[in-house]
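Shown next as structure tokens: one chain only, the form predicted on its own.
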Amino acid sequence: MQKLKLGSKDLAKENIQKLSTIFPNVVKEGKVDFELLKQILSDYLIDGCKERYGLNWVGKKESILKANTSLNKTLRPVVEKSVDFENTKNLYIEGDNFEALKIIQESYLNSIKMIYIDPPYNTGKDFIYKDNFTKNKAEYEEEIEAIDEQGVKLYKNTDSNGRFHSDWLSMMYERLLIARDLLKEDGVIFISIDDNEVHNLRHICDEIFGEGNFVAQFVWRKRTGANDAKKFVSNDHEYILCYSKQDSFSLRGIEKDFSNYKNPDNDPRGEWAVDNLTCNKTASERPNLFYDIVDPKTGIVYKCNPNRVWAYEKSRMNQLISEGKIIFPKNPNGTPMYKRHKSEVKSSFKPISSLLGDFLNANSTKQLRNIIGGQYFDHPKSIDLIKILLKQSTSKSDIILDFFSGSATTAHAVMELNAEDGGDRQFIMVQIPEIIDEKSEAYKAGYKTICDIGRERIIRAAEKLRMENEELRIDMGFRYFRIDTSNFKESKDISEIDQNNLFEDVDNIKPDRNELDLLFEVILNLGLKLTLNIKTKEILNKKVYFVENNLLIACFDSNVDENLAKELAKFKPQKIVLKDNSFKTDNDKINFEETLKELSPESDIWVV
């Protein structure tokens, strides 16, 4: 019977284990001999004391360490804030996004097709989420009176901070390190950013995702008529950086318009359109493409333009003329054209090059105001902008993650696109519960945190979609989770145990936690997804949870014996989880395990 390990994955330990299989001589007592490793890789590894190209800042190593360190936290389900909890495949996670990424890391490893984030732009007015920065307050940071719902203080990264750029880079770096692991092999990430940090963001993304996996830096217009009074430069655009996990990824492209393809002459080859017969080369550059052509029906000679020669060599041109692929004008001074048939078009899509268009902040604010009834959120992103990104990168059954969720535009866009094409894309939204200013209109309207606004937006957007189409059958619910400490008490060191607290840890579950809390922590620590179907049954007066039929069976009741093992074995579960102190006696624990081994030998048994 195995003891279930709690907390997020210890990546450093896992990487050391991988290293030991390749170079067993460099790992001794669980520690890496880096000097020996350098010597072994001396032909490839640049010596650490030499200068090399790259972006470094104060706190970078700490970010890497933090991303690799295990986190003893979990997600607690909040059923009363959820919508269609039993059936939905969507998630809304309330809490710090770094912690959320760590918690779901194993369950959603290589599972996310698209990540979109709109992080703080580091303008000097942004909140930097809570972090383990160990800098001197007087020298490095300005603490402000802002807290999240759990009372954890947030920090404002002002340009008077001695580590203004470093703090922002550290915050982004550690989150993107984990985010990359969540992407599928053909996954992609889109990051909204402006001029303040776009250059630094390119550097860290090149490092994390690889320079070869840079796809594009899109430009889109956010407003009109803006200008800097000092320099008279219009600041009306922002960027979206796009990186893939592997260089084999490509965007879908923009669908071509075939409305001009007709067949007025009943050509047996099908519909066709007129296309250019010349290319952008001169006679001196391509002399083999500089020649006269003759209409065989009229004998009219058409001269070649020396500044823009024909697209085909003479022999190929003669063949096209004989095939009726060249359209000759009646005017001798006109230019022959190419008859391109629809069947010749290699792709129905053309490359996407720019996102400049009607994605203005004013329109996005109006969209949100119309949904939630007031202007309660500053600078939301455009639904249409996010939908373009979804169309370019996802299929109908993909998972989309946004861990700077804000007003939940991404969730709204996912639901709208599913309504349009019948898809069942799933969303995961993550947002820290930053408390709203009591003087604001949002607070007066009843919204206490940013999460309240995002949650309400999803609910109201779903209602609007149903009103527009009563027969709509797409998933518009979500399971709501809140980040919290583990549901299980930490084991005391033997030196801390005395007569007064001897029996405190007989039950290792915290008193304010319920069975659903325990079940989801088990699901996470087994690396299972949070949206699996859950059913309950009463068996021998015990409450038993069935996750995705027989994928996982869990029971947290007490006084368990081998009779329950006999009943559970009938379902041939892949995994069984019970509390370590669930059994009546030690003999019952042994008998339970032996009975299951005999009746359902494929079942893995775990205790917490």
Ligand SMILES: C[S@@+](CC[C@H](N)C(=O)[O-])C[C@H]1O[C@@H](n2cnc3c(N)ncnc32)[C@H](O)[C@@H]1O
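Throughout, we count residues from 1 along the sequence that is shown. Keep in mind that what you see is a predicted model, and the values were worked out from it rather than measured.
There is another form of this protein, the form predicted in complex with the ligand, and it is not shown here; the text below is about that form.
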| property | result |
| --- | --- |
| Proximity of G423 to the ligand in the predicted complex, heavy atoms at 4.5 Å | no |
| Interface membership of E521, the ligand in the predicted complex, 4.5 Å heavy atom rule | no |
| P77, heavy atom within 4.5 angstroms of the ligand in the predicted complex | no |
| Exercise: Q367 in contact with the ligand in the predicted complex, heavy atom 4.5 Å | no |
| Segment assignment from 317 to 325, 460 to 468, 401 to 409, 289 to 297: heavy atom within 4.5 Å of the ligand in the predicted complex | 401 to 409 |
| The single option of R455, R175, K113, R202 touching the ligand in the predicted complex, heavy atom within 4.5 Å | R175 |
| The single option of E416, D167, D475, D96 touching the ligand in the predicted complex, heavy atom within 4.5 Å | D96 |
